[in-house]
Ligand SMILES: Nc1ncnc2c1ncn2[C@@H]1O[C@H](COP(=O)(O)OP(=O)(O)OP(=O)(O)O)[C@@H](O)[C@H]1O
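Just one chain is shown here, as structure tokens, and it is the form predicted on its own.
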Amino acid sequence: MADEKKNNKTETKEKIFIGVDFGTSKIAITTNDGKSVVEQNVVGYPKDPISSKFLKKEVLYGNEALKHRVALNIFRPIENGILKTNKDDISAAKGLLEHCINSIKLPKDAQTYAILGVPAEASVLSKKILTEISKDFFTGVMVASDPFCVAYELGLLENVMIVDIGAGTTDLCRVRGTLPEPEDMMSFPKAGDTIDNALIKSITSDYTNAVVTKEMAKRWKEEFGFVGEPAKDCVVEVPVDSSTLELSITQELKTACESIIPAIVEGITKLISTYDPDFREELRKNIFISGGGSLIRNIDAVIEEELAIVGGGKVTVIKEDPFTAGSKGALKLAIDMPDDYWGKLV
């Protein structure tokens, strides 16, 4: 009788479904009970006893870590879209995930089922590590490719290509009405970080005493980023020696942003050329840009111009919030996933 009561109690536990997008730049979590969080994928530990006493914390996460980064040893556990495999970065990633989960206050007694979005060509090892660090927080865990999650959120499920431009990687995925196979996906490290690094190199080469940090380049890209013709002059304040100069970085930013276009066009062309010939034209007409890179002005038009040389294509920027589309799609997939699929790797 006691066992029967225990089983009945288990069966009546609330079920919470969760979508997680563990990206290079940000982690986003969305739940079916309306909770969500987006946090910078950064973890910081005080450098010494003085910083520990000043900050009154032994670990800081996300925006708070970036705010105090000069007093911290900073960890970015995701690089090029992949979780680093050393012990410290794995520990940092797990702590960040726990921090985000605690911030949305999931019911303590609920059964929680989460799908984690990962890059299109994430390794089996990377998937396994992410799954293992998540098991302490969720009843059931699966992984799925980020671009497929975006497609699922938007209901774009047949003869569609998603080009998800993140910070560490650009992920491409053909969607054909079923879960994608390895040949439907492609991933390469030409993405937001590539732009940031190219911008830093260009400015510091032109102005040898200029100091441009990663955070500065990222901020300028997010404010002014464009390809093709500029809408306005991009003027920023650049630290040079002990002073600050107002400089136009329009040409440097254009060159940096356009540096990822050839790899994207090559990837799109390859996935089209290896698709079922009867449906290639339909695939060409349904190319969608998502992720933080979708905010780069004119990126759809410029990619279309490049594709015109190799057979054409219709490119559309997804209007969904680029930082939550993946987690929302992962959530939707988790809700729809049959019980017997949990535990499998997609």
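Everything numeric here is computed off the predicted structure, so don't read it as measured data. When you see a residue number, it is the position in the sequence shown, counting from 1.
Another form, the form predicted together with the ligand, is not on view; read the next lines as being about it.
- Per the 4.5 Å heavy atom criterion, the ligand in the predicted complex is contacted by stretch 185-193, the sole one of 272-280, 237-245, 106-114, 185-193.
- The ligand in the predicted complex is approached by G166, whose closest heavy atom lies within 4.5 angstroms of it.
- The shortest heavy atom separation between E229 and the ligand in the predicted complex exceeds 4.5 Å.
- Using a 4.5 angstroms limit between non-hydrogen atoms, L295 touches the ligand in the predicted complex.
- For the chain shown alone, K26 is a contact residue for the ligand in the predicted complex, at least one non-hydrogen atom being within 4.5 angstroms.
- By the 4.5 Å heavy atom rule, the three marked residues K218, E222 and G291 all count as contacting the ligand in the predicted complex.
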